[in-house]
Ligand code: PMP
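Only one chain comes next, encoded as C-alpha cells, the form predicted on its own.
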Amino acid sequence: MRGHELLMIPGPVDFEPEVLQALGAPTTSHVAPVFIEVFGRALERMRAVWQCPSGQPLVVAGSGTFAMELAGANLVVPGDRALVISTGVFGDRFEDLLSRHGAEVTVLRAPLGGVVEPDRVEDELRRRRFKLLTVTHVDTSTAVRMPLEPLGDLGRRHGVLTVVDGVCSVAAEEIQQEAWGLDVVLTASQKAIGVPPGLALLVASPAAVDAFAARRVPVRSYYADWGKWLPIMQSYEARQPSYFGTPAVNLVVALGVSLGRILDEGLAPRFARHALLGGAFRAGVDAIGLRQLPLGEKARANTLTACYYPDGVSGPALLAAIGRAGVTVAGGLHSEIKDRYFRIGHMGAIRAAAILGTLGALETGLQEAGHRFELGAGVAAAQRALSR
C-alpha cells in the first residue's frame, strides 16, 4: 500500500475517512434486514444524485467498463443501429462493445482534444435512424468534456435512446439526467462517487427500461442481463430480501455513506467546488507554461487535467520526480500520444490544499527536469483563482 503521498490520478481517488470506516465494518449477510435497509436507501440516494426521480438505479459488482456493458448489452439487439460520439479511448471502447453485441455502429470522432459539435450529431441523426446514441461525458484519456444537454434534446426529438458514460463526471460535473432527457447515465464507484473500486452504477430512464422490456432477443451476457438485476434492485428498494448474485456488501454500505455525504454537501455547491478547483489547477499549469490537451476552455473537464510534457522533458523522469515530491499523477493513455502527455485527477473529496500541493510538487518535478519557468508561478496563479 502507498504511504502518505497525495493520490491525484483520474481514479481511484482519495476517499473520505467515513467511507473507509464503513468499508471496514464487519460484513453482514446480503439478506440481513440491516443491509437491505442500507441498500434500499443507497438506491434512493442514487436517484437524487443523478437527478432522475423516475429512473431505475442499478448497483452491480464490477468496473466502469461493466457499467458500459450493463447499458449496451441490454439496449441493443443484433442489427440495431448505434451512433457513438468519441472524444478518446472510452468512446472508442463503446464502439467495440456495441459491435460485440451485434449493433451496426457509426462513430463520430472528434479531432484530438476537441468535441463533436451537436450540429454534426444532428446531421447524422437526420441521415439515418438509430436506436442508441452514446457519449462519453468526460473522456479519462483526453480530459475532454462533451456538452450533454443538447444531446439529450436531440435524442428526444429523433426518438433515440441516449446513453452517457459518466464514469469521470457523475457527482462532480453537472448532470440533470431527467431534465436533460438522458436515458442511461452510468459510472463507477472509484471516481467522484467516492467509493473504492468495485461497483458498476447506472440509472435508467423509464424509456430505457421499456426498450429493454420490448426486446425479443435474449441478452447475450448472462451476468449483465437486466432481467436478472431489475427484480433484485426493486426488491431491495421495497426492503425485501432477494438474490441473483451476492452483492459487494461492504462496498454497498460504503456507497450509502458516500452518497449521503454528497447530498449533504448539496449538488450545486459540489459542482461549483469542482469547477473552482479545476479552474484553479488549469490556471496553475498555464502559468508554468504547460500546454493542455483539450482544445479550448469549454472542452476542459473539471475532474481531471491532461498536459503535454514540455519539450526536452522526459515523461517518466518527471512523473518520478513528482512522486518523490509526494504526489502521484498518471501517465498518458491515448495511443496516439501516450508518451507525450500526463494526467492529473482532481475530483471527489479534494479541497484547495490538494490542488496547491499538487502544483507545488509539479513545479518541483519540472525544475528538477530542467524546464525553465518562474518557480512558484503555478501555485500563485491557482491561489489567485481560488481567491476569486
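Note that the structure is predicted; figures quoted are calculated from it, not measured. Just count from 1 along the sequence shown to find any residue number.
Omitted here: the form predicted in complex with the named molecule. The next part is about that form.
If you check the named molecule in the model of the complex, you find no heavy atom from any of L58, L182 and S205 within 4.5 Å. Residues placing heavy atoms within 4.5 Å of the named molecule in the model of the complex fall in a single listed stretch, namely 164-172, out of 164-172, 269-277, 124-132, 222-230. Interface membership of M68, defined by any non-hydrogen atom within 4.5 Å of the named molecule in the model of the complex, is confirmed. When the named molecule is considered in the model of the complex, H101 lies well away from it, no heavy atom lying within 4.5 Å.
Within 4.5 Å of some heavy atom of the named molecule in the model of the complex lies at least one heavy atom of R93. Contact annotation: G64 falls within 4.5 Å of the named molecule in the model of the complex, judged by heavy atom distances.
Contact with the named molecule in the model of the complex, judged by any heavy atom within 4.5 Å, is made by just one of S235, N250, Q190, S86: Q190.
The partner is absent here; in the model of the complex, the one residue of T140, N74, S258, T303 having a heavy atom within 4.5 Å of the named molecule is T140.
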